[in-house]
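As structure tokens, the next two blocks hold two forms of the same chain, structure 1 and structure 2.
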Structure 1
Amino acid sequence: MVAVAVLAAGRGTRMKSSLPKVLHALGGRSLVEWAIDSTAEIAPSRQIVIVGYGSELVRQALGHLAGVEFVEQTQQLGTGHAVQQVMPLLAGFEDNLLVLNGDVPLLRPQTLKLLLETHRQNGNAATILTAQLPDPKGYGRVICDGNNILKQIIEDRDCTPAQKQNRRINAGVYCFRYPDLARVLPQLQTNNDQQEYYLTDAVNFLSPVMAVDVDDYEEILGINDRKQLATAYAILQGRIKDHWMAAGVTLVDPESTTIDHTVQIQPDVVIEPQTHLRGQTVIESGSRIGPGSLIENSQVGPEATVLYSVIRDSRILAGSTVGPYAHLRGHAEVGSNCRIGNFVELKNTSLGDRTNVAHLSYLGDTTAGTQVNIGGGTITANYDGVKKHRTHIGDRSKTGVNNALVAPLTIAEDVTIAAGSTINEDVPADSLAIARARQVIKPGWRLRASTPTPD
């Protein structure tokens, strides 16, 4: 068994935010969620998150994760002090404890699996994750022998010139044989400039301690400010886009495209430039997305096209085209082989197969059947100032240009509505509805020049 402790108590003052640092978003999830997710391959028996600043916000944000436990660090007195707070929860625990930071989001699950396997196979009291940095200036150095057995951790300012040539640094991820750690945690002292209890001091009391180098040093990059958050996002995006291109997805311009980790894309999808895919979005095979589109928490069926449009919390079925400059939101659903054209907005609306809304229309709280044609400028007036009401349009019905459909309203099958009509009464099947004032012409009508008024 292995337990996991995630350090997530700090505020992160350099983020310049009232939001706890670990709750800042990266690619569709919070930093601390990334940290927890990185433990997936080791299948921990316990997951403990140490909270402090904004603890209620952190608890709420992680409330959807089953089995996560929380412990409070009311004063942030260092990493050693944070792990001391876990001791009451782990009373009698005899196995291994993995400790990692909640602001290190790029760790791969395979890396933590290797760390734990190395720890177990060598019977170490502690095993620490390390990295070989191209430029380790400012970082404490980890000094090991030829078998990667730890000899010393030295702060950068205390290193000799020879030691400064060592590029191995501490990544801040530890695996401990917990009974050994529990024995030494109470011995930690605050004999340092920060007057804090450091977990690295606990390592000095244990033996043997081994270092495991991570293959890709970018995995251990922490987040302390907005610039580092942006750097991490760029790294994450590189990973995500490499994955999808290897899986058969065409990214015409990867540099201008962003894709959340939670998005699913099938082979033979083409993603055009300036396209952004967010949340629980699924794009099915053969679809073409963009350029210039945002799709969030939505499903796009096979062979569909979305051009210069915004799609949120909606669904588009096979063979339909959306855009340019369309907006689908509030659980809109577009059937197969439909056309949603220029400057069309759908909100909480369902369209049947082969229905067209070609241009300049708003359908809110509307259900339309199959083979319906919505003329340009058609508006469903769904709000009476107090409540929202639905409009129902039957199969094969057609609206004219500049129609206003005042809900609640039912238009049956095979109806035609004349251009310029305002419809506020139900329309029976197979009929023509006309609701507009008769045109009046008054000959000789023009504005006369007004006579100036004397001062």
Structure 2
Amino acid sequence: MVAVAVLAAGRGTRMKSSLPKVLHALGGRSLVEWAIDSTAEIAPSRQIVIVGYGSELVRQALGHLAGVEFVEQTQQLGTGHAVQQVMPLLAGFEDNLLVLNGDVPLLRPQTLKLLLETHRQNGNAATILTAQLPDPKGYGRVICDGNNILKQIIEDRDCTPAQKQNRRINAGVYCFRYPDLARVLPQLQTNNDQQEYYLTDAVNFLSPVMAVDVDDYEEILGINDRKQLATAYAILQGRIKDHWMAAGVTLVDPESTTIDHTVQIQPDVVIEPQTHLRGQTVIESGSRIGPGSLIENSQVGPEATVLYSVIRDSRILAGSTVGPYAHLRGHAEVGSNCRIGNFVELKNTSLGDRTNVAHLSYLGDTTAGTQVNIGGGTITANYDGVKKHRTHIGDRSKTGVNNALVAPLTIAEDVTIAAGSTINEDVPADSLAIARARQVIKPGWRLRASTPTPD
């Protein structure tokens, strides 16, 4: 059995932000969610998050995670003080406690599993994760004997110049035999540069403590400022893109593309440059997305294309083409083999198969059937200033250019609407609707010769 405590009470002064540091987003989720997620393979019996600065926000952000408990650290007096706050919750707990910093988001679940296994096999009082960093600045330094048994951890700011040369650092990831930790936690002092209670001092009090080096030091990057946040994002993106390329997806220009970890992409999809895939998005095989597109929480069916377009919370079925410059949002549903063209906006609208909306249109709150053709410049007037109303357009009907469709409105099947019409009454099946002023011709009419204006 193992319990997990995640340190997430600090403000994160170096972020220069009013948002608590651990809530800053790394791709599709916050730093602290990444930290919690890294415990996926060790099946913790309890997960305790220590909150303090902005605690309401942090509680809210983690509200969707079942089984997470919170404990308040009202004053942020250091990482050791933070862990002291879990003691009442863990009274009588005899097993191991894994402590993670909430600002270390890139840990792989296998790494924590390995840490825990090493800890158990060696019967250590504590086992800590370490790394050899090319640039160890800012991290606590770890000094060990030849057998990876810890001699001392010293914070960067408390190091002598000689100690600063040591490139083995403390990752902020610890596995403790909890009864041992509970014994030394009350002994912490604040005799250090920051005058804080350091968790690292608790480690210094225990024995034996073993250090385990992580293979890939990028995993333990701690986020203290915006630059490190951007570095972590680049690392995460690298992992995600490598994964999809290995799975048969072409990324024409990986550098200019971003993909959230929540996105699913099938083989033989081509992602063109400057394309961003976010949230719960699924792209099915053979589709071509981009250049220049943003797709969020949307499904794109097989063999579809999306060019220079923005698609949110929507669905596009097989073989349809979208763009350039289309905007789908608010549960737009496009059937198969449809064409959604230039400067078209679809909101809360569903289109049947083989329906085209090719130019300069807005369809809001509309249901159109199959093989409908929406003429260029057709706009639904779906809002009367108070409420939204729906427009229904039957199979095979055609609107004309510059039609205004005033909802609520039903246009039945096989209807044709004349160009320039404003339609505010239902149109029955198999008919032509014309609603515009007749053209007037005045034969022989000329502009009167204008009288010159005096200077």
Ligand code: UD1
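Every residue number counts along structure 1's sequence, beginning with 1. The shown structure was predicted, so the numbers you read here are calculated from the model rather than taken from an experiment. Whichever C-alpha set is largest while still superposing within 1.5 Å between the two forms counts as the rigid core.
The form predicted alone corresponds to structure 1, not structure 2. After superposition on the rigid core, the Cα atom of R141 is displaced by 2 Å or more between structure 1 and structure 2.
Relative to the superposed core, T250 shifts its CA atom by less than 2 Å between structure 1 and structure 2. Fitting the two forms on the rigid core leaves the C-alpha of A232 displaced by under 2 angstroms between structure 1 and structure 2. Here I441 exhibits a Cα shift of 3.1 Å between structure 1 and structure 2, evaluated on the superposed rigid core.
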